[in-house]
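Next up: just one chain, as structure tokens, the form predicted alone.
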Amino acid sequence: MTANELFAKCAEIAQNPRAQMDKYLAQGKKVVLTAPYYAPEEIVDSMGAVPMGVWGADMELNDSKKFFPTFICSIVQGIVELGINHVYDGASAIIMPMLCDSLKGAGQNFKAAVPSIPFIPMTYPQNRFADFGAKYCKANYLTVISELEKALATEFDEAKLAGSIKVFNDHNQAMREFAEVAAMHPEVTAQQRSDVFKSAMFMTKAEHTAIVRQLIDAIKAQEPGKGRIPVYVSGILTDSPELNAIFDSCGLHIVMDDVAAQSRAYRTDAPVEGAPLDCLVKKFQNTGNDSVLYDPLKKHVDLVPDQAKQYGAKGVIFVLTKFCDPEEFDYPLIKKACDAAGIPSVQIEIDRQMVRYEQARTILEAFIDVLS
């Protein structure tokens, strides 16, 4: 298949997650929904179910507003809204990590609003580096396993977890390589790049890895394009077709990202030596550079200008999801770090309920003048 055919396949899956879910259900597979961030998908996979990411959707929020104050981000509201509207019907459970205040409330609200889908919280330790943090993390993994055994009517086998860890590590490697290859090929559009990352949420990792590896080879076979402006993007979510269309029409080329729903998710592999569940704990301990994770040295702040320089970005675009407190707290520090590094930066604010992105277009067009 050509690169464009493979991109089109990713786009179809990214834009039709319900069709993908129905396909798995028709095959007799069970689906477990996994909310952001860092749900233990390897455990779900090892128990024979398909982990399927849920990050809300671009939509007007109605029923979910009965459960949330107005200042909660639209991603978590969207998850509950879709549940109320039966979009997730057929799922065996939902796992929701408790890594920010909005997610903590969203879990209990989902439990009340969508009682047909069992809610499983995954409570991570704030101080993940200490021994007590590792023990706490493992204890909560065991709680998730116990709840999944009930929801899936199956038993956990730690030996199978070792196989799933390998599958997920292979997928991480493929996604990292895709990002590197896309960085060297400006003809890869922002929308195509987004579709590859988003489609990964709705497929088994083995299936997605196979597509991505074909795509990497197909892109490498092409002559790199020219004439687009290299930029670095940071934020939570950048999957809006309207926003990506603006990036593409403005001639911007994303050379690397620090986006939670994209490259952040694939930076860290689980170790393969030792007891598999302990390896999964170690993976979380090793995960960093994220606004929702305990980061006393604020390494996440320095990562953005460092990577922007590494990949030759002319500027940094910070895509802030409205009402995301952890990202809002990090942004002033990131801007200061970019200024100190001599890298122009700009912030645009988005929301899942947005229909028009013309303000973002105006900001980006002005930013391009700065970069020129």
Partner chain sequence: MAEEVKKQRPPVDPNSAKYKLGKIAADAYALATEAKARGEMVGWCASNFPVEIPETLGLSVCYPENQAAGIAARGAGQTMCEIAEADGYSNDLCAYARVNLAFAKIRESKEQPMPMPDFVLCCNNICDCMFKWYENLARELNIPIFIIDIPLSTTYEPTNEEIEYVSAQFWDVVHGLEKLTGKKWDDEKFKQVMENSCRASRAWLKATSLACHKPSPFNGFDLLNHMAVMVTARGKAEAGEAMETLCREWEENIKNGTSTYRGEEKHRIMFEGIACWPYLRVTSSGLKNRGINMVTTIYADAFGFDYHSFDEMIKLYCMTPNAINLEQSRDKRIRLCKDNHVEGLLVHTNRSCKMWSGFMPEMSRQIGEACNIPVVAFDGDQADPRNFSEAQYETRVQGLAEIMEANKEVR
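Positions refer to the first chain, counted from 1. If you're wondering where the values come from, they're calculated on a predicted model, not measured in any experiment.
Only in words, not in the display: the form predicted together with its partner chain, which the text now covers.
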The one option of 109, 244, 164, 262 with any heavy atom within 4.5 Å of its partner chain in the predicted complex is 109
Out of 61, 343, 333, 57, which one falls within 4.5 Å of its partner chain in the predicted complex, going by heavy atoms? 333
If contact means any heavy atom within 4.5 Å, which of 97-105, 193-201, 226-234, 176-184 contacts its partner chain in the predicted complex? 97-105
Mind checking whether each of 37, 266 and 357 has a heavy atom within 4.5 Å of its partner chain in the predicted complex? no
Considering non-hydrogen atoms and a 4.5 Å limit, does its partner chain approach residue 67 in the predicted complex? yes
Spell out, yes or no, whether the shortest heavy atom distance between residue 135 and its partner chain in the predicted complex is within 4.5 Å. yes
Its partner chain contact in the predicted complex: residue 286, any heavy atom under 4.5 Å: no
Exercise: residue 127 in contact with its partner chain in the predicted complex, heavy atom 4.5 Å: yes
For the stretch 299-326, return the residues whose heavy atoms include at least one within 4.5 Å of its partner chain in the predicted complex, in the order they occur. 301, 302, 322, 323, 325, 326
